[in-house]
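Below: one protein chain in two forms, given as structure tokens, structure 1 then structure 2.
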Structure 1
Amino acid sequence: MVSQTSPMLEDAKPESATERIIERAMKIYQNYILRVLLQAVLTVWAVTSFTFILIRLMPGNPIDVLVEQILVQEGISYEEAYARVASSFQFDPDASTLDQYLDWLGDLIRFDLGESITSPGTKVIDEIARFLPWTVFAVGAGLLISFILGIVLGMAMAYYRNSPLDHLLSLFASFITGIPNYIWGLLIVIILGIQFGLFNVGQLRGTYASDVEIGFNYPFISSALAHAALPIITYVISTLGGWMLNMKSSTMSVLNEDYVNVAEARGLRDSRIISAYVGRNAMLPLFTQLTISIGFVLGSGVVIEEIFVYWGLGHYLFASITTRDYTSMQGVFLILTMTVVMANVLADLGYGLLDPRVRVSGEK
């Protein structure tokens, strides 16, 4: 008998080994992304829930804080002040924490951050959208400048290691790294502003001068840059040393690689070796660190913005803490938590792209 083969079987071609490997890798990477995103969502929920409980353990509540202010300013009775405040606030201080949490969680699922308690009718998301861009601008500019300077100086330290230049820059980097950013902010205000009078602290309050017209024009841009200059300088000084030391360490490890020695043996120009072989490979670990740093520096800007009275997200958070505005605090903490978590997610995904062993870890 002559066996007959189905036309469908004749048309079907066996899957190649390369195609199977690519399909397997794509499936693993998709699972890796889902796992990282799920961890991020659970982390945001856990941190914001903990924060929700923590801020309600603070002494006082929005009504008590405003009642005390009215008693000091107007000298009326406590009962009258309490009745006036309670009637204007949409907040029940006697409600249980569980009921408040369920209400907040229900609004959050609908992507609603609620209204400010101390400013009825004001959406928290609108206030965050008003202050957040200024913080992103100051933090972003400061990190970008310090990152670029750190890469250049770190490579110089590695190339001229054990030289007077290396010792001087290493001492400088260690010194500025050991001082917290808020100390640098205070030193700038006290020494440069008050003692030497290089700038007027009072005129730099806010994010731009009140007499300029908002828009893409020189007076507004120059005013915004002048008001953001001091926070930017503080961010640069407080983060520069870390980039310098990390870039020096990364560059020195790359200089010992065989491909660098081969490039030198081939007689390539030093500029070519620095840009194509050393600098590019030494910078890779720092990019993931830069991603993570964005989230943490954004959260640490609360004190910096309050020192310079820079009206960013940190200033808004500080004012919310002072008045015990629970919904505003929860909204800001949610944004800060999401920023830090998403920065770590981007770093994890970046590691997964650069090193496949990261994303397949734990796979069977």
Structure 2
Amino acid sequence: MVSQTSPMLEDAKPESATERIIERAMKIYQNYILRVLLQAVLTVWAVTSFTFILIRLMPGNPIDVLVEQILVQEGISYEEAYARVASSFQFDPDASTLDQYLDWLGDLIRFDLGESITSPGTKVIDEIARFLPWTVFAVGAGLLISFILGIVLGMAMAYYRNSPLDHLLSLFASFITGIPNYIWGLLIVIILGIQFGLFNVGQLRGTYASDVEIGFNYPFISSALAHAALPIITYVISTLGGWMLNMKSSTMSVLNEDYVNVAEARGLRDSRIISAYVGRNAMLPLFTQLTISIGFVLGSGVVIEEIFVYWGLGHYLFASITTRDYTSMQGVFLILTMTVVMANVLADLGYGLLDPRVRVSGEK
């Protein structure tokens, strides 16, 4: 249709009202994603800068640590030892923290996390790529299992509230959440592994047996599962109780909602009411907690992986701390922070898919 209206007006007024609404919504939604992503990048930058400076401000650098060792062992002069260590390390302790920081940041923009200080030639990013998948696997599997289990049990507790089942499960949940996860790890090792000899702790060191070939084959997968089983069980036990109790209280408040009552009056099948009406609404508040939980479990992986000698990111971090390997520590922190922040972003966006009400408030 040929119109006489000015192009300006045409631009401002798309054809129909619905299209206009869709267009505006898309714009806002895209902006929303952009804003969330920008925030995430800023957070990661701020946190890594913070940890960078904090680490450098602390007494003792990797050269000092090694120099002291050499001094004790070989009895040469301080200058000599210092020169020897300094030459073998790609690290200049006399450079100002600011210079180091700018260098590091410059590399970071090119996705270069630098080389390990204590073992020159080893790229930090390669090391992380080697260790991270195992941690993600163990933590992810553990959280997934405990989340699903917790939701099912929590709903059962709410449906049968004040029954012996509810009391028993509540007590059980409080009990298992109270005990720190590394204590669970130790209990598993001591009682199941040593007292009852159900498995050989020594054989489960690392992430898979050394004699299997990496790939999609049965020996490798079963070996990887066997090695990850104990950390996963530990993560499940230590987080399950929290999900159960939270899901119970959440379900109980949803069960009092009118729409559940109406759904029953509408003659819907119980399975449909439990899944789409009760379960889905009761799960909403738990998603926010899931992101907090991811950060927490990832962080606690340092101890758990040490206890089970599981070679994941926590193990790598601990090793780099003992040798004061700044770049490695820095890299692990970056990755951990990024994982937590990314989990938050995904949860934010995913939450919008689950709860349509948030899509509106997200625009603000």
Partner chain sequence: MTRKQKTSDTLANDSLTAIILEIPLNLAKAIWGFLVKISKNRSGFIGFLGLVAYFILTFILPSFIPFDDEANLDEITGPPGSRIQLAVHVDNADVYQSLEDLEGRVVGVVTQTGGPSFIAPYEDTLTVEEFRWSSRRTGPGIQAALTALANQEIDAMLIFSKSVDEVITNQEDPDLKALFDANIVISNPTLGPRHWLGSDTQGRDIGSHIVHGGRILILTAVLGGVISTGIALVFGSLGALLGGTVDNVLTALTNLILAIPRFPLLVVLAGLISFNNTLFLGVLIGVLGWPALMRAIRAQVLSLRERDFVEAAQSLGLGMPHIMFREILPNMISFVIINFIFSITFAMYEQIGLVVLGLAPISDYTWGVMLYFGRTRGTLFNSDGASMALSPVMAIALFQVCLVLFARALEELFDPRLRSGLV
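Along the sequence of structure 1, residues get numbers from 1 upward. Basically, rigid core = biggest C-alpha set you can superpose within 1.5 Å across the two forms. Every value quoted in this text rests on a predicted model; they were computed, and no experiment measured them.
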| item | value |
| --- | --- |
| Structure identified as the form predicted together with its partner chain | 2 |
| Rigid core superposition, A40 Cα moves 2 angstroms or more between structures 1 and 2 | yes |
| Core-aligned Cα shift of V341 between structures 1 and 2, given in Å | 2.9 |
